[in-house]
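The chain below stands alone and is given in structure tokens; this is the form predicted alone.
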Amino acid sequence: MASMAAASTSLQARPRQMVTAVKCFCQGSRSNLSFTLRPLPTRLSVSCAAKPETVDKVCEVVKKQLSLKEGDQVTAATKFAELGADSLDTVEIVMGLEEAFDIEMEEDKAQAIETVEEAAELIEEILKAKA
């Protein structure tokens, strides 16, 4: 399962710089132009192989199973452990997902799920095989 998640998640750093000052120096017949560059913060982009609607539905099931408040944020990168879920909670989440998506997960794959994204990708994989 870990290799599947690693293959479908990509982080790309894009170094950027911005010109903050341009100076022109003239000495006799020679002129020099100088630029001062300031590094900008690196941007990261995260991509998930699962469809956004699948991720959203998984988020809703997780919120329901863990009785989270309306304001609690659950995203694709959210780990179940970060939400306070123990192993029993994770089993209940998997059962809720099986019911919501009308699927059955293999026990070994279900036990390897740690994040919403991993759950959504496994569901997509099962639904694709089922079709």
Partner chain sequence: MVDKSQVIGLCRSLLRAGRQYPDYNIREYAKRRTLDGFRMNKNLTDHSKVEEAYAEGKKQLEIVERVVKVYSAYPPKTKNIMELKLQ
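Residue numbers count along the first chain shown, from 1. What you see is a predicted model; the values in this text were computed from it and never measured.
Omitted here: the form predicted together with its partner chain. The next part is about that form.
None of A49, M95, L68, A81 but one reaches within 4.5 angstroms of its partner chain in the predicted bound form through a heavy atom, and that residue is M95. Using a 4.5 angstroms threshold between heavy atoms, A110 counts as touching its partner chain in the predicted bound form. Remark: A77 does not count among the residues lining its partner chain in the predicted bound form, judged by a heavy atom distance of 4.5 Å or less. Although the partner is absent here, D89 is a contact residue: one of its heavy atoms lies within 4.5 angstroms of its partner chain in the predicted bound form. Contact annotation for V62: none of its heavy atoms lies within 4.5 Å of its partner chain in the predicted bound form.
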